[in-house]
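First comes one chain, alone, set out as structure tokens in the form predicted alone.
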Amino acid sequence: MANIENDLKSKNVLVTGGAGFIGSNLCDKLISLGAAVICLDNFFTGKKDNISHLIGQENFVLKEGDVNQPEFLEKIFDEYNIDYVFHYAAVLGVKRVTENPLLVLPDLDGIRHLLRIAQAKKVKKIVFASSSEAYGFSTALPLKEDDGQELIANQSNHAHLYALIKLIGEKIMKTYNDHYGLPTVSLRFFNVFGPRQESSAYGFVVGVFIKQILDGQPPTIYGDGYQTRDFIYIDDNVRLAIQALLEEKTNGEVINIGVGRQTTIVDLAERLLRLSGQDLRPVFIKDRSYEIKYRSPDVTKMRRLLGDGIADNLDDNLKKTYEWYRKNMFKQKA
């Protein structure tokens, strides 16, 4: 296993999308491990509140701009001698992408520019944030990374362009790993939750439910609520992503990052209502056409390559998340 603190101490790490939910928590952890973090964000979905506590620290630099602008990106690499990259910048959110599917297309430009510059500057490794959305409507549970190799060809499998862009991004990453000598790894994140996650209508289900409950409103469930998701707490996600960066055997791989546990949306709502102590009941509304019914990862490869897994502490982690929103929800009124 990699010695994380020794391997990251005094290294320059670029985090694109570093003011987002996952990116900002990653920045916190990298700094705690002794890395110098260069956070790049255009604040399309990222928030300055997420990284305001880091601004002014000696080992943190904020660069406001777009990864899709190659000249801007090149200046960052020239100025900071980047060792590692976490490429987390992307248009995200199913509602946002469904309303405007073409928003995701420039993400490919960012991937292309980043890889070209990183390869020329001899970056040690890039971690690419892919998504469980890459599996589209696949029902062959648990979802295995190797089963996804034919997904690009089967475009009808996808709910939206976002999934296809992630798959193409993975392929580009592997091409640079295999043919251009730039180590990469693509991580298919399942449903990450925790402090700082967006809870507006464009947000994600845990944050949306908590906001509704704190507003005294019943959680709103699409369909029958028996669709399943694999919920992973942000600290676990960040820890495993850093391990994937530093483990050489992950080079060129696509890896599921999840718990390997199916939780229904009804169950999630009921757990959060119990935590709140409020006398509310979920409200069920018409299903969405793009709703994925079942989502559960095979985490065998993750455990084999990273030598680590995730403890099943869903209730404890939901409680930590609920308490954070209760204290900070005035920042979440977007």
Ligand code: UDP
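All residue numbers are counted from 1 along the displayed sequence. This is a predicted model, so every value here is computed, not measured.
Not on display, but discussed next: the form predicted in complex with ligand UDP.
- For the options Leu245, Ile111, Ile221, Ala118, the one in contact with ligand UDP in the predicted bound form, meaning a heavy atom within 4.5 Å, is Ile221.
- Scanning Val254, Val127, Val205, Ala163 against ligand UDP in the predicted bound form with a 4.5 Å heavy atom cut-off leaves one residue, Val205.
- At the 4.5 Å threshold, heavy atoms of Gln227 reach ligand UDP in the predicted bound form.
- Proximity of Arg288 to ligand UDP in the predicted bound form falls within the 4.5 Å heavy atom cutoff.
- Though the partner is left out of this view, Asp107 does not reach within 4.5 Å of ligand UDP in the predicted bound form, counting heavy atoms only.
- Looking at Glu133, you'd find a heavy atom of it within 4.5 angstroms of ligand UDP in the predicted bound form.
- Figure note: of the listed segments 118 to 126, 166 to 174, 75 to 83, 227 to 235, the one touching ligand UDP in the predicted bound form, with heavy atoms no more than 4.5 Å away, is 227 to 235.
- Counting a residue when any of its non-hydrogen atoms is within 4.5 Å of ligand UDP in the predicted bound form, the one hit in 248 to 273 is Ile265.
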